[in-house]
Ligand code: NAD
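Only one chain is shown below, in structure tokens, and it's the form predicted alone.
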Amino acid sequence: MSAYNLTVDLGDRSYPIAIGSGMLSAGSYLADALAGSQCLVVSNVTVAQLYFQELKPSLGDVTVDLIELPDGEAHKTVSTVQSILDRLVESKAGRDVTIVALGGGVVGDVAGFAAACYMRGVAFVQVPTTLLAQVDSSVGGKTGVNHPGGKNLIGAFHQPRSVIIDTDTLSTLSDREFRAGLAEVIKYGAIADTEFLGWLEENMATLLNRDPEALACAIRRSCEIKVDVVAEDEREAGKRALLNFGHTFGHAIENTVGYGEWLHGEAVAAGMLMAAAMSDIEDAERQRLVSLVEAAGLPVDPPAAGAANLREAMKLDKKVQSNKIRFVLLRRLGDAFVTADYDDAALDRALEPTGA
């Protein structure tokens, strides 16, 4: 399979995205993205054992260091970023060091945040190895960590120099992690592309069987949608907020039940259906989204965490303005909007499990 190439158009900070099979060892993609002769690969104990040795030769003739982080959302913290910064200082890394994030969304977020902080900003490259990271978190320059009070409250916008997506890495994902990534894929169809949504309905079984061509198609279209949005609204002043469909609810679920108890994609899946329940759309459209989420093997109901607890968690959502929670809702499938004008009773109903 040849690589499919996209560009995130951000002027002098534009960068390429390469999608394909065998990209970890595909010649110059990685080496060309490095800023200098020093490289720190940030991974976790699981992914490093699987892919670091395959990746290393592609970095070329540079000094390569590796730091292996603990695995899991519970380690997406300031202290984890501190450990990366400590390694950079210990190795006397200069301003031309490149941080390579090899792993899922947690690795990419913490490595990118460390890159944003070290010497006020050094280069980094995203090499996402989970479906969720490949279609969402590796693209767009959002980096950061969680706080006990809320998801992703501490962070920075810091764009990578390149995103290199090797679809072969999905073969080692657990079924649960793989399905969680499908939530973000479904999101793109729900907010922006009903044709893609229909394709997902027709091909969900094929995707769940991890067919390489179907996966490449889903990843490519997801990235195309996100690339267009990020190029128009890099720092989420407007249109980019639409990419948070389901996330206000999802982040509240993660914060309330404990990071890692529900995977991010699982929480987003339930969150999308909660947002759909608040939206003024036809029942048939709402059921269409429920059926697709269900076909992906994802939760269609929030946990029994209590409406009051979820509401409290949402107060620290980054989209809150003037003490008013802002939601991404649907006018219809493929047409999303952001609003702070909602019915409190409808919100309460959305926060409670339906028993579906």
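Please read these numbers as outputs of a predicted model, since none were measured by experiment. Start at 1 with the first residue shown and count on from there.
Here the subject shifts to the form predicted together with this ligand, a form of this protein not shown in this document.
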*Which pick from 129, 80, 279, 222 sits with a heavy atom within 4.5 Å of this ligand in the model of the complex?*
129
_Just to confirm, with a 4.5 Å cut-off on non-hydrogen atoms, which of 35, 313, 293, 47 contacts this ligand in the model of the complex?_
47
*asked:* Please identify, from 193-201, 87-95, 134-142, 113-121, the stretch that has a heavy atom within 4.5 Å of this ligand in the model of the complex.
replied: 134-142
*Candidate site 54, 68 and 101: all three near this ligand in the model of the complex by heavy atom within 4.5 Å*: no
*Is there a non-hydrogen atom of residue 152 within 4.5 angstroms of a non-hydrogen atom of this ligand in the model of the complex?*
yes
*is_contact(residue 169, this ligand) in the model of the complex, heavy atom dist at most 4.5 Å*: yes
*May I ask you to state whether residue 105 is within 4.5 Å of this ligand in the model of the complex, using heavy atom distances?*
yes
*Check whether residue 173 has any heavy atom within 4.5 Å of a heavy atom of this ligand in the model of the complex, and answer yes or no.*
yes
*At a 4.5 angstroms cut-off on non-hydrogen atoms, which residues of 71-87 are near this ligand in the model of the complex? List them in order.*
71, 73, 76
